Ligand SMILES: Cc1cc2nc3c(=O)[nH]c(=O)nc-3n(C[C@H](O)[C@H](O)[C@H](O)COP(=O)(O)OP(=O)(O)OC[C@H]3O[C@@H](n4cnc5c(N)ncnc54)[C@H](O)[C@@H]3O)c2cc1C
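Only one chain is shown below, in structure tokens, and it's the form predicted alone.
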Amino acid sequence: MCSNHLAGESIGIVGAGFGGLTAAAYLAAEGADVTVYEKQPQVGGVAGVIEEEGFRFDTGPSWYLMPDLFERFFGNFGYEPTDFYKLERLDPQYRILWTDGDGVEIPADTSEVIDIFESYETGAGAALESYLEQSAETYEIGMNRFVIPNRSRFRDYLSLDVLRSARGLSLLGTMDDHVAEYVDHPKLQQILQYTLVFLGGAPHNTPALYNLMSHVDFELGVYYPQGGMYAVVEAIAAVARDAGAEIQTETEVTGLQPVPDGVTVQTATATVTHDRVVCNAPAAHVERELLGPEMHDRDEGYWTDRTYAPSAYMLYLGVEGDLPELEHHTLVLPPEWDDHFESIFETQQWPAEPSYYVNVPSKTDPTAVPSGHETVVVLVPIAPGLADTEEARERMRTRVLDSLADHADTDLCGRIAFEREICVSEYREQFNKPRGTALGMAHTLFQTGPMRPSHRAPGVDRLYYVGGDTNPGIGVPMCLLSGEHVTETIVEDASESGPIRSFIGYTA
């Protein structure tokens, strides 16, 4: 369990997303007096919930991956995930529907996936086995040597042990080149690469290191927590409160002011000085809006030059009747998806033939809907910074509903009982996401590992970052680790004796 290395320290946390809540739990367990400031009425940040008219929708993440990292977090506080929510492994894990009429279900049994690959391309089954062997090795080395340990600075990599481990990783190539070494069929390449969307990247700009995601997908499995991902948010908030953290919702932080031996937090109703402050708000927003340019060591050009992950057109629908052609997770893809990625990262325009994701959690969780209905969440990745006018949104809505009818045999006309949407503007205005990205900084080669922003704010003593924009990166499991890492960083800074590793399960 945690110790009291931070007893007597007052720490403020700006934002109650997964990273902020996790940091609150760890810091409070270390003895700090923790206050979390969240401007929304509910915790979770982008990972919020809509509950209206008997329907419940997760507004953000909907894939429960890397269950070992959830177990790690709860285990560090003497719990198991099942103390808070029931987990179900999905089988099939997801369905892929191509717009040429082809389709495939990806089962939980990897041997069956191997057979599917072989049916598309002679020799692809054996190639997948080889690919997954490397993916598992990359996952083992990457997680235990680079991700789970707190390595957010270049100097953290300068040891013989770390450098030897790096020899086992493919760091410099891109995912599209790496996958092409194993399979030729474009649909099989898509199956091996679709998880890059979770990292906010594309096959051409994501390092081959992230082949580890195939191990996550095919061998660790895809799960669903009953009650949705918001049940996980509530569980982590409960752990944080049990550890002693105070969480204030509807409390927007409007400014941060470094002072001798602390940082002052300004809200609409109060000014509070803490010994240290951790920001789960996007670092670009913190440095541009809350601090001001004269208070830190990073110029505006840094944030302008970053590659941001996609934004999203999100559609939340309560639908009458059954949806037999859709699984809990369904991907609708054109056989050639390069044009969609080009529209996101190159031309910055709305996609003409979108690749999109459909989530129907009510297939697994009947508590999410009134009787006789289903919940449908549609996510279309789009370029950050797009003008999401009412007309542009309506065109995309029509395009998606027509596509569902044409390619998924799912006509929703006249069946929609509830509807909400979120797009670029909401991510920018409600969540302060730069350019309205839905995720944060993409995992490109030069935005991976120590090249992501550090946990320590540059040039500002006692100010720190947590969440997807810092190490280890995007995704709920990574944010759980980020909360652990920023706590270790603060303990180290507060200690006169150097680094302290205080959490059970820590792997050096």
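Start at 1 and count along the sequence shown; that's the residue number. The model shown is predicted, which means the values in this text are computed figures rather than measured ones.
Only in words, not in the display: the form predicted in complex with the named molecule, which the text now covers.
- Contact with the named molecule, judged by heavy atoms within 4.5 Å in the predicted bound form, is confined among 436-444, 454-462, 49-57, 26-34 to 436-444.
- Between the options 309, 281, 376, 232, the residue in contact with the named molecule in the predicted bound form by a heavy atom within 4.5 angstroms is 281.
- Interface residue among 144, 304, 349, 430 relative to the named molecule in the predicted bound form, by the heavy atom within 4.5 Å criterion: 430.
- Contact check for residue 406: every heavy atom lies farther than 4.5 Å from the named molecule in the predicted bound form.
- In the predicted bound form, at least one heavy atom of residue 252 sits within 4.5 Å of the named molecule.
- Interface membership of residue 44, defined by any non-hydrogen atom within 4.5 Å of the named molecule in the predicted bound form, is confirmed.
- In the predicted bound form, the named molecule sits within 4.5 Å of a heavy atom of residue 61.
- Residues 467, 468, 474, 475, 476, 477 are the members of 457-477 with a non-hydrogen atom no more than 4.5 angstroms from the named molecule in the predicted bound form.
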